[in-house]
Every structure is written in structure tokens, then in C-alpha cells.
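A single chain, nothing else alongside it, follows as C-alpha cells in the form predicted on its own.
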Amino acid sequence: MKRLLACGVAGVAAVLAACSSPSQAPSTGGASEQRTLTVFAAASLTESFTALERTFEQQNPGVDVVLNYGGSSDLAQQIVNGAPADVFAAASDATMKTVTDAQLTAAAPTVFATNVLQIATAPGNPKAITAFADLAEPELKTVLCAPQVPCGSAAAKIEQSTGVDIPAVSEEPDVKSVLSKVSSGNADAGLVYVTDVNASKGQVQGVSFPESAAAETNYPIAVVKDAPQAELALRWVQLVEGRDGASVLGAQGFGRP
């Protein structure tokens, strides 16, 4: 990923100009025009979409993919508020619905991946956590995603179905923040996606629990209505849903719908 989106929303043309480097201006001498594709994606897609960014840019010379990662609910609200985006990939159907209810997708979203929660602990699992019910222990410092974020919503669904009440010491804006709390030693455990545990490369240890299947998360993707780069946006969706996307996402631990 070359950079994150860091511009305001004062109009598509102004934003793209502000976000572009000098090398992105149309060049002379017959070179292809430089174009920017802006993708809003759930934080749990960071590793997968960053890998696909490289593939896409190789397949589409002159294109710079700008990936804006964050909590799906925050990203959805940014799009509703007018943030310029070409593609939105969410970590739940509910957060995508925020955008579709505002009639801001060019076509109906499609689900390209699934995910389940896993308990993240310090390497070696020093607190000997073996089950979801263990997270109810008051002496255990557990962090969760905020309830409006897909990973937080999934955790709440499991709490409700099991009757287990987790006394979380903090609620974080996305799974990467939860993971950081655990890997830094500021928390004993956290609920993240299995893909985030895989992406940590040993910084945390994952504990699977059967109740997670009841809160499997869909990942929908859609081209944003009136996208500045609608053609490129469609190509990105096709890459994610195609063979290359399946390979990258599968290696990270995502399921296929």
C-alpha cells in the first residue's frame, strides 16, 4: 500500500488532485495516463488487499491503488457523508446496508469471503484460556471491538446466544486495535477474526471455539455509485472475486461463500 486516503471530501476533482503525487499528473511523450483507484476496506482485509494491490497495479500500468482501511461502520458512514470512493468492501452485511440504503452502490453488493472470530492471547496462552466462557472471568483483561463494528457485533451475538457476559476492559474501533492491545501485553485476551491471528505472524496465539460458527461474518463488496474510476473499480471487484483473490484470501484464512 503506497499511502492511506488522507484528503477531505470537498469534491471529487479537488480530492483526487490533493491526494495525487506529482508523478500522477498525465505525462507527455505517449505515456499512459496516471489514474487513482480508491478502495475503502475493512481493517481485517489489510494484508489480503495490500497483496492484491500489487497484483492490480502490475496488471493495470499507470494505476495507483489507494487503500483506506478502518472499521466498516466508520467507512460506510464516510461514504454516506460524501467521501470519494470507488469501491467499498465491508466486514458485514449490516454495514454494507448503510451504503445500499442510501442508494450509493452502482449495483447490488456481492459476498466474496467469510470469516469467524477467534480468541487472541499472548503466545503460549499464559492465562490458559480454552473456551469462550473463560472470557467471563472478571480477573481476565479482555478487549472487544465496539458493538457497532462488525467484529463487536459478532461478539455480542455469541454472548447473547451463549449467555456469557464478557466484562471487557475496553471496546476498540477495529480488530487491528484489539490485536494491538493483546500483542502489546495491555490485555490478556481479545476477540478478533481468525485471519487477524494468522496475520500477526506469531505475535498472538489463537484459541478457536465452536460457538464462533453461529456468528460467521460475510464480506460484501460493491462499486460505489458515481465512482470516479468506475471501470477500474469493476476490475478490482473482479480481481477480488476471481482466482487471484481466492488464492490470497484463502491463504490468509478467509472462507469462500
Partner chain sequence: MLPVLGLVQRASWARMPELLLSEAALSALRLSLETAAISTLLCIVLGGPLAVVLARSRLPGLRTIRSVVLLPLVLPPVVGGLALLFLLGRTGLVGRGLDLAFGVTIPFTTAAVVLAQTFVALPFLVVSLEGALRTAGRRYESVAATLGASPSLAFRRVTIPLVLPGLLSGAVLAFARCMGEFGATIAFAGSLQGTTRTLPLLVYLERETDVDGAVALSLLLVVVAVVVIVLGRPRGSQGVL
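The term rigid core refers to the maximal set of C-alpha atoms that superpose within 1.5 Å between the two forms. What you are looking at is a predicted structure, and each value in this text was computed from that prediction instead of being measured. Numbering follows the first chain given and starts at 1.
What follows is about the form predicted together with its partner chain, which we do not show.
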Worksheet item: Based on heavy atom distances of at most 4.5 Å to its partner chain in the predicted complex, which listed stretch, 82 to 90, 129 to 137, 100 to 108, 181 to 189, is the contact stretch?
Response: 181 to 189
Worksheet item: Any chance Ser170 has a heavy atom within 4.5 Å of its partner chain in the predicted complex?
Response: yes
Worksheet entry | its partner chain contact at Ala146 in the predicted complex, heavy atom, 4.5 Å | yes
Worksheet item: Taking 4.5 angstroms as the cut-off for heavy atoms, does Lys141 touch its partner chain in the predicted complex?
Response: yes
Worksheet item: Using heavy atoms and a 4.5 Å limit, would one call Gln160 a contact residue for its partner chain in the predicted complex?
Response: no
Item to complete: Scan 69 to 108 and note down the residues that get a heavy atom within 4.5 Å of its partner chain in the predicted complex; none is a fine answer too.
Response: Ser73, Asp74, Gln77
Worksheet item: After a core superposition, would you say Thr114 shifts its C-alpha by at least 2 Å between the shown form and the other one?
Response: no
Worksheet item: After the core is overlaid between the shown form and the other one, has the C-alpha of Asp74 moved by 2 angstroms or more?
Response: no
